[in-house]
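Next up is one chain by itself, shown in structure tokens, the form predicted alone.
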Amino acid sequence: MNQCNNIKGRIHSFQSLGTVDGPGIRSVIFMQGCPLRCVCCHNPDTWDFSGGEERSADELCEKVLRYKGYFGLEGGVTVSGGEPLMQSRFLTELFKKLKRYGVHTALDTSGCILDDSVKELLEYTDLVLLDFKYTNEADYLQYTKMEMGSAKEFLEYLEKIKKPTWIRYVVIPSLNDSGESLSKIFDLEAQYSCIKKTELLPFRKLCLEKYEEMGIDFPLKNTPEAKQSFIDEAYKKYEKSLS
């Protein structure tokens, strides 16, 4: 994608006030375009790099500032997707502007790219929400079309620069919900001091209608949703292992 100075970003949508994409109350910007093809993806309409609408960093900054009064001490802005790293230079410009107004910035990403422009973006990022998908190379490649090594390299860099990080892990019955897989995810906290929190997100199928409207087959349409009780029990087991 063109990433010259003063470019416009391709935006899929804007959520004014959200509470599930980072700490506190946040505005969430969903970027357009993603190279991954995760079988559990809820936003297939963000895949196309030519979709969405073009917006300047000034336009988005102005829009975010309308809601700044609701953010409180913990809230701010989270950029999600799609894959925001595909538009890293644009987001660096946006985050620079937001930081001038004291807005907390969070980046929700798969960690699929680590180049100089991404490293610059991370300088203006207060928190990374790293979506860690699976715990072995074969599953990573099969179910996301991304190599696990890319996510690990990204996490290693976050550790190097001491960037506060939350691990986010979508729990999918029969695919990545084994005790071994969950233990590996929780064990990352012990291995990397940059990780401040691990979030288990239950797999849901709210996206089915969207896939049908787009004429795309949802790979996990016959997979049961993850039960919240299973998620709660997984947290308890982890907490017990620490005591």
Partner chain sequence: MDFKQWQGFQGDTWRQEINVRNFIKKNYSPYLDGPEFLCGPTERTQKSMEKLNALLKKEMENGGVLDIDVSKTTTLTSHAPGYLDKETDVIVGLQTDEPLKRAVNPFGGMRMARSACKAYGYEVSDTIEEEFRYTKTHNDGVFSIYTDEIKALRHCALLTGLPDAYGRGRIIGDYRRIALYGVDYLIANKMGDKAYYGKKPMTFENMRNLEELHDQIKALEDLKKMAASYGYDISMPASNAREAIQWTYFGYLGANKEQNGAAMSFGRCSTFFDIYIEKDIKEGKLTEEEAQELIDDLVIKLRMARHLRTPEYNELFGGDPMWITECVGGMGETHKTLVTKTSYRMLNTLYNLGPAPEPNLTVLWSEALPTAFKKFCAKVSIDTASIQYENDDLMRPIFGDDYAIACCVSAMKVGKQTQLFGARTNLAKLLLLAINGGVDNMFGTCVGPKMPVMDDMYLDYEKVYDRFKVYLAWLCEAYVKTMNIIHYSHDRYSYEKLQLALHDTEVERLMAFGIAGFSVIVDSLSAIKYAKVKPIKNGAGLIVDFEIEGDFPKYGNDDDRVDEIGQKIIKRMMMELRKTPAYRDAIHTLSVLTITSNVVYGKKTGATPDGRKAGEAFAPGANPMHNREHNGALASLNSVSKMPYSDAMDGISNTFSIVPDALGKDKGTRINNLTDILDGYFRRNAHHLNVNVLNRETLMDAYENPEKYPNLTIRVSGYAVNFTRLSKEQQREVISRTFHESM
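Residue numbers count along the first chain shown, from 1. It should be emphasised that the depicted structure is a prediction, and the values quoted were computed from it without experimental measurement.
If you look for the form predicted in complex with the partner chain, you will not find it shown, but the lines that follow are about it.
With respect to the partner chain in the model of the complex, the three residues Gly24, Gly69 and Leu201 uniformly fall within 4.5 angstroms at the level of their nearest heavy atom.
Here the chain stands by itself, but in the model of the complex one stretch of 60-68, 177-185, 33-41, 214-222, 60-68, has heavy atoms within 4.5 Å of the partner chain. The partner chain is not drawn, but in the model of the complex it has no heavy atom within 4.5 Å of Phe230.
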